[in-house]
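Have a look below at one chain only, the form predicted on its own, in structure tokens format.
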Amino acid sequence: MRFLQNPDPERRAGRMRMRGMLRKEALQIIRDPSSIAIAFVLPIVLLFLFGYGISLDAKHVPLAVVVESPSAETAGFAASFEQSEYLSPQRFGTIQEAEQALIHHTVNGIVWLRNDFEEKLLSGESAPIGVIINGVDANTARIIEGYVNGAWTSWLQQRAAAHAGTLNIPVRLQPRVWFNAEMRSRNFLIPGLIAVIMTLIGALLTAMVVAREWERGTMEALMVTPVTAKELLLGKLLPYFILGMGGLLLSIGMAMWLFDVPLRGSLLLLLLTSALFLVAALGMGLTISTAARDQFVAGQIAIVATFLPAFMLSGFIFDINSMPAAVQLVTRLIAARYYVAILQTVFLAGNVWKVILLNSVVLVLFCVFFLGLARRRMVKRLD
């Protein structure tokens, strides 16, 4: 006859304490709308702001076109700028008027055809074209320069075809754009923004929630219970992990169906790597919460220590390779840098395993470091 043995009383008590902790955190989430707002409202607001309000694409750039002696040739040249979707040409009679418009930021550039343009063109001489660009924003200036060169080349090709000739250009450019063929900056920005959102969700949720318990005195009540540091850590992580993954699914859905960002890689792989990063972000928040017992202070630390580095140093907007060498070294300490690389790869290029595996290993190290640090500090306070 076989007798059923009672389970280990300590293990059974541990499971009961764990269930109690999870129920407590779930009730706190339901009763406190701020946690739900951070997980679901914050991603919607940020995605709308960045998706519709920020664009790195320069379209309909106001451009002054000065033609001192109108003719058939100058009319054809000016028309080449009107055919471009990236330029919005405005006609001016004199260069002085165009310069005043440039000074007052009415236009961003000037194309200047002088009196002798047609004469030199028809005689086979060099017919110079004056191009003046507002260089305050160097990036926009380079973009406008490229647009003007493109319109000028298009006009040369049309003119050569009209005269039954061939355009002799020593080097012909055949552009092929990989991974983001539409050249939409939104496809680049939205995946990186998901990393910023997940950083905010993970850090703010745990940092402010634990700090709130210190303010209300409930943390002291937990410290006198038999709850261990491990159970307390898991009890804080699991509910907010589920909440953060819900925010992630919302962000991915908005990226794909609202902003038409392609997902060329595996959705399951994206969720797994995102879970790694979320655990690291939650660990950051728990570590912050052990150092700050005030919600305001914890929130400020979370923003300065997690959000700003994720925004500025992760490659989300600014190219890391263009930064000084010392700053590039600092970016290696930012977990969001590795998550941004994974997101942009999975969304735009697909399952490039060399990139995904290397960055995932680094995220695992961040998880171990921050969770270990948070558990160690919690042990000191509980004991």
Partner chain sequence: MWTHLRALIVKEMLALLKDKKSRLVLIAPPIIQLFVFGYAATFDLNHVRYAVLNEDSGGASRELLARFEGSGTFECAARLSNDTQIAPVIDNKRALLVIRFPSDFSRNLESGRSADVQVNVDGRNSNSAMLVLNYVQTIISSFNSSWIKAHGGRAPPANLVVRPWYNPNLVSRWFIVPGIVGLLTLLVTLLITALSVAREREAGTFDQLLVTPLSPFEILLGKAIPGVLLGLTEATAIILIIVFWFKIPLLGSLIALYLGLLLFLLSSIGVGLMISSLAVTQQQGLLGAFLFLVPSIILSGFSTPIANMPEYLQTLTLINPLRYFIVILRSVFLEGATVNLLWPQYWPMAVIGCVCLFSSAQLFRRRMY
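All figures in this text were calculated on a predicted structure; none of them were measured in a lab. Throughout, rigid core stands for the largest set of C-alpha atoms superposing within 1.5 Å between the two forms. Positions refer to the first chain, counted from 1.
Separately, the form predicted in complex with the partner chain exists; it is not shown, and the next lines address it.
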Options 247-255, 212-220, 278-286, 265-273; stretch whose heavy atom lies within 4.5 Å of the partner chain in the predicted complex: 212-220
Heavy atom of A302 within 4.5 Å of the partner chain in the predicted complex: yes
Contact label in the predicted complex: G130 to the partner chain, heavy atom within 4.5 Å: yes
Residue contact check: L204 to the partner chain in the predicted complex, 4.5 Å heavy atom: yes
S80: touches the partner chain in the predicted complex, heavy atom cutoff 4.5 angstroms: no
Those residues of 302-318 which, in the predicted complex, come within 4.5 Å of the partner chain by heavy atom: A302, I303, V304, T306, F307, L308, P309, F311, M312, L313, I317, F318
Rigid core superposed: Q295 CA moves 2 Å or more between the shown form and the other one: yes
